[in-house]
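Just the one chain here, laid out as structure tokens, in the form predicted on its own.
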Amino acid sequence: MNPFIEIITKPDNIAIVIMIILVSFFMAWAFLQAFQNDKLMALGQGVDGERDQDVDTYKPLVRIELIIALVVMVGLTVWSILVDAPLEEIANPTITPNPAKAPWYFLGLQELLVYFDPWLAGVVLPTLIIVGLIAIPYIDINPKGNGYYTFSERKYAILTFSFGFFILWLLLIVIGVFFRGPGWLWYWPWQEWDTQRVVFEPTRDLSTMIGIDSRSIGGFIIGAVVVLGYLVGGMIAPYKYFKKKFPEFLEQMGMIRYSITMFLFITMMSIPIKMILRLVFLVKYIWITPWFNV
């Protein structure tokens, strides 16, 4: 485990380790509070944020924020004294660092380049993330869970957010920081980073698995059928389920909200699907077109 310990203790990676620990801790704490509130509501008791119209913010909020701000300032001061800033030598245009990594907050997008066409990974998916975050207040019609923690009243929204944040964002950052070494190759924690390492992975496109050239008309048609079938099926199958199980919710949501929500959801789910196809089955692209590859 020595190589991995050396990586996580690098000055520019310490902040990422702290972030992962804090985010995981507070997310677990939030779930614990939600489960406790759900038990109270199941017993017929209300929770503070649900029954109170006016809440004193000084003691439960302002005082705690002041104390936390002081603790953070002291922690940053001690950290800056004990750990040197990860400054390197002046940039040399003739020498490219290996691996060449983006800032940690962009490493998730850089990791997506392994699985998607650069246009999709660098433009389309980030744009959909921003559009999806903007659209949440307009497509969320559930009035419950405002001002208090709950899971049972917003389980689908919470599970979707948790999956998107932890698996499709935080996990990609962790992979890019700790598991991608020279040549952007995959390194396990017990492996030494070797700049001379060469790995041959015979990736293939989906249509070539059945003996059809992916750049031919037949390959184009197969790829289009698979991609469009995934999009259409991802829209129709949940619609039938909600229409059978929750018709009132579907009617209240409306077709426009449903279409936007499901499009964003199936696009999000395409990321882990493509990652599995690439890492397990060595499938590089599903659909090759003259304009972009999926």
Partner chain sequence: MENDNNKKASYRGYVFAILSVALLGLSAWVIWNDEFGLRPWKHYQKEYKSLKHDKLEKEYQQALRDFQTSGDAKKLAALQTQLKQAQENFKKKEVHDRYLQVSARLDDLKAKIAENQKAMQTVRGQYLETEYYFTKNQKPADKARMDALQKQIDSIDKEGKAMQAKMEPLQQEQLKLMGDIPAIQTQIEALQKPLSEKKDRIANNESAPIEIRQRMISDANKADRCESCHPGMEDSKDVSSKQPYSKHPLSFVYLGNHDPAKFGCTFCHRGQGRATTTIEKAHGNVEYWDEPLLKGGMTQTSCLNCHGDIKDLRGAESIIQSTELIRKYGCYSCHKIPGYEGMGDVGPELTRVGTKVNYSWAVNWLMDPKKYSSMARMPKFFFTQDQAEAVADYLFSMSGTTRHDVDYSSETPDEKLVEQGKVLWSQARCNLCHVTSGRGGNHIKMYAPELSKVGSKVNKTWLFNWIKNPRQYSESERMPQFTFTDQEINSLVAYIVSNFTDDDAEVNYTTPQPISAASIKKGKDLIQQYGCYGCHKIEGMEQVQVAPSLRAQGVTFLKSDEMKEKIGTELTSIGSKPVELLDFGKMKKTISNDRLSYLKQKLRDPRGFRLGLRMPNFRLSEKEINELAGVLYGFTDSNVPTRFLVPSKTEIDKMAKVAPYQFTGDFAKVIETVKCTNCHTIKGIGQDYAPNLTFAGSKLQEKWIRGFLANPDVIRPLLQQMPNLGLKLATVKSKITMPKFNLNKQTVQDTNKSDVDVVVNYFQQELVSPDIPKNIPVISDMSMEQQIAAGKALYDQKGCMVCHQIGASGGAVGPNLSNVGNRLNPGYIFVNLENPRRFKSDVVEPTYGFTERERILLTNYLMTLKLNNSDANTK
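Positions refer to the first chain, counted from 1. Fair warning: this is a prediction, and the values are worked out from it, not measured in the lab. Rigid core: the largest C-alpha set superposing within 1.5 Å between the two forms.
As for the form predicted in complex with the partner chain, it is not shown, yet the points below apply to it.
Trainee: Could you confirm whether Leu70 comes within 4.5 Å of the partner chain in the predicted complex, counting heavy atoms only?
Mentor: Flag for Leu70 set to yes.
Trainee: Within a 4.5 Å heavy atom cut-off, is Glu201 in contact with the partner chain in the predicted complex?
Mentor: No - in the predicted complex, heavy atoms of Glu201 and the partner chain never come within 4.5 Å of each other.
Trainee: With the cut-off set at 4.5 Å between non-hydrogen atoms, does Trp193 touch the partner chain in the predicted complex?
Mentor: Residue-level check for Trp193: yes, a contact with the partner chain.
Trainee: Taking the shortest heavy atom distance, is Lys39 within 4.5 Å of the partner chain in the predicted complex?
Mentor: No.
Trainee: State the residue from Ile141, Leu159, Ile210, Ile95 whose non-hydrogen atoms include one within 4.5 Å of the partner chain in the predicted complex.
Mentor: Looking at the other structure, the residue within range turns out to be Ile95.
Trainee: Using a 4.5 Å heavy atom cut-off, which residue among Val225, Ile64, Val232, Leu32 comes into contact with the partner chain in the predicted complex?
Mentor: Only one option qualifies, and that one is Ile64.
Trainee: Looking at 84 to 92, 164 to 172, 216 to 224, 201 to 209, which stretch has residues with any non-hydrogen atom within 4.5 Å of the partner chain in the predicted complex?
Mentor: Of the options given, it is 84 to 92.
Trainee: Under the 4.5 Å heavy atom criterion, name the residues of 233 to 269 that approach the partner chain in the predicted complex, in sequence order.
Mentor: Sequence-ordered list is empty.
Trainee: Is Met73 one of the residues whose Cα moves 2 Å or more between this form and the one not shown, with the core superposed?
Mentor: Yes, the C-alpha position differs by at least 2 Å between this form and the one not shown.
Trainee: Aligning on the rigid core, do we see the C-alpha of Ile64 shift 2 angstroms or more between this form and the one not shown?
Mentor: Yes, the C-alpha moves 2 Å or more.
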